[in-house]
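Starting off, we have a lone chain in the form predicted on its own, written out as structure tokens.
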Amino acid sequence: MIRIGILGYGNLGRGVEIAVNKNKDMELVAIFTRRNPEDLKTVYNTKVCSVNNILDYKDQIDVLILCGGSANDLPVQTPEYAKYFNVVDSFDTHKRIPEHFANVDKAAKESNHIGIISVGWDPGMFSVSRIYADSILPNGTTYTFWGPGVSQGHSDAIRRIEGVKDARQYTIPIEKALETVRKGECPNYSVGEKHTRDCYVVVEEGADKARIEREIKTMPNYFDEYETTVNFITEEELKKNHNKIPHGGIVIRNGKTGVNDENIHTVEYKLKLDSNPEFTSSILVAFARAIYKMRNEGRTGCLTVFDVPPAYLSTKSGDELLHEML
């Protein structure tokens, strides 16, 4: 059995707890939290411990899955805990991935551990789709459209702003741009020409709404490149109308082959998700299995989804994969 630990118990941590319980080759050792463990109610009454005691479990956990936010938690937590555990995270700030990779790689190699970062559907499964399509059709252009749906990372980034009590951020594809790409055309779109962002924000009493809106719209790596709308609503309205976390997206590669580029090909990979955190959690758990296998083969350091053979994600044997999947 692969022994799993969870650090953080928000929507993502809860999803990992559910996913581990659906995988027959895994067992959940404990959930670690910064909150009072006695106040935490889990789905399966899993053991809950203070994060202050996490190092007591370093010999009892094969893979620690980190479920914090990309804005402030994971840049610190992943390299720190890679010193003591094999780790998996869902760091999703695309522009900072090389920096994050270097920090985790150094910590993991020095401590003889293995880690994999930026595991999810984007970055993650969409990244795999992009590399396959780009490699097969080198003469072409790749487009990624996110949404419509709630971005966990962007919502978390808004909640970190002083004066914000809660928030949801929806990423909306611009339909005209999507239609153009699906026709096989290859326009040079910026990210802001493909999406808009809608924010629904609950603020604390007396908070400066003008400052909060300004901080959201100018936030680097999150909102500054997009047309962003900020809607201030009540907590009751947020709970009533924005209590679910759907998401999805599409990767499209338009490429040409032939002596004179006469043949046009389109590769499309699409996700439609009822629950963004539960789907992401399921990916984290599959890659936890993969790095467990790779560590047992002697691999150390930091990896991404590009470095993991698909067979390592599966519970099936090599023979079963040949017969059932290939």
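Keep in mind the model is a prediction, meaning the values are calculated, not measured. Note that residue numbering begins at 1 and tracks the sequence as displayed.
Just so you know, the form predicted in complex with another copy of the chain exists too; it's not on screen, but the next bit is about it.
Engineer: I have Ile161, Asp166 and Thr234 flagged as a candidate spot, so tell me whether each of them has a non-hydrogen atom within 4.5 Å of another copy of the chain in the predicted bound form.
Structural biologist: Negative, none of the three is within 4.5 Å.
Engineer: So which of Val29, Leu271, Val51, Leu40 reaches within 4.5 angstroms of another copy of the chain in the predicted bound form, heavy atom to heavy atom?
Structural biologist: After the contact test, the surviving option is Leu271.
Engineer: Does the 4.5 Å heavy atom contact test between Thr33 and another copy of the chain in the predicted bound form come out positive?
Structural biologist: Close contact is absent here: in the predicted bound form, Thr33 is far from another copy of the chain, nothing within 4.5 Å, heavy atoms only.
Engineer: Applying a 4.5 Å heavy atom distance criterion, does Arg295 contact another copy of the chain in the predicted bound form?
Structural biologist: Arg295 lies outside the contact set for another copy of the chain.
Engineer: Whether Leu322 contacts another copy of the chain in the predicted bound form should be assessed with a 4.5 Å heavy atom distance threshold; does it?
Structural biologist: Leu322: yes, in contact with another copy of the chain in the predicted bound form.
Engineer: Hey, in the predicted bound form, does Pro220 get a heavy atom within 4.5 angstroms of another copy of the chain?
Structural biologist: Result no; Pro220 lies far from another copy of the chain in the predicted bound form.
Engineer: Using a 4.5 Å heavy atom cut-off, which of 75-83, 124-132, 188-196, 222-230 contacts another copy of the chain in the predicted bound form?
Structural biologist: Of the stretches listed, the one contacting the partner is 124-132.
Engineer: Quick one: name the residues from 133-157 with any non-hydrogen atom within 4.5 angstroms of another copy of the chain in the predicted bound form.
Structural biologist: The stretch 133-157, when checked against another copy of the chain in the predicted bound form, contributes Asp134, Ser135, Ile136, Leu137, Pro138 at the 4.5 Å heavy-atom cut-off.
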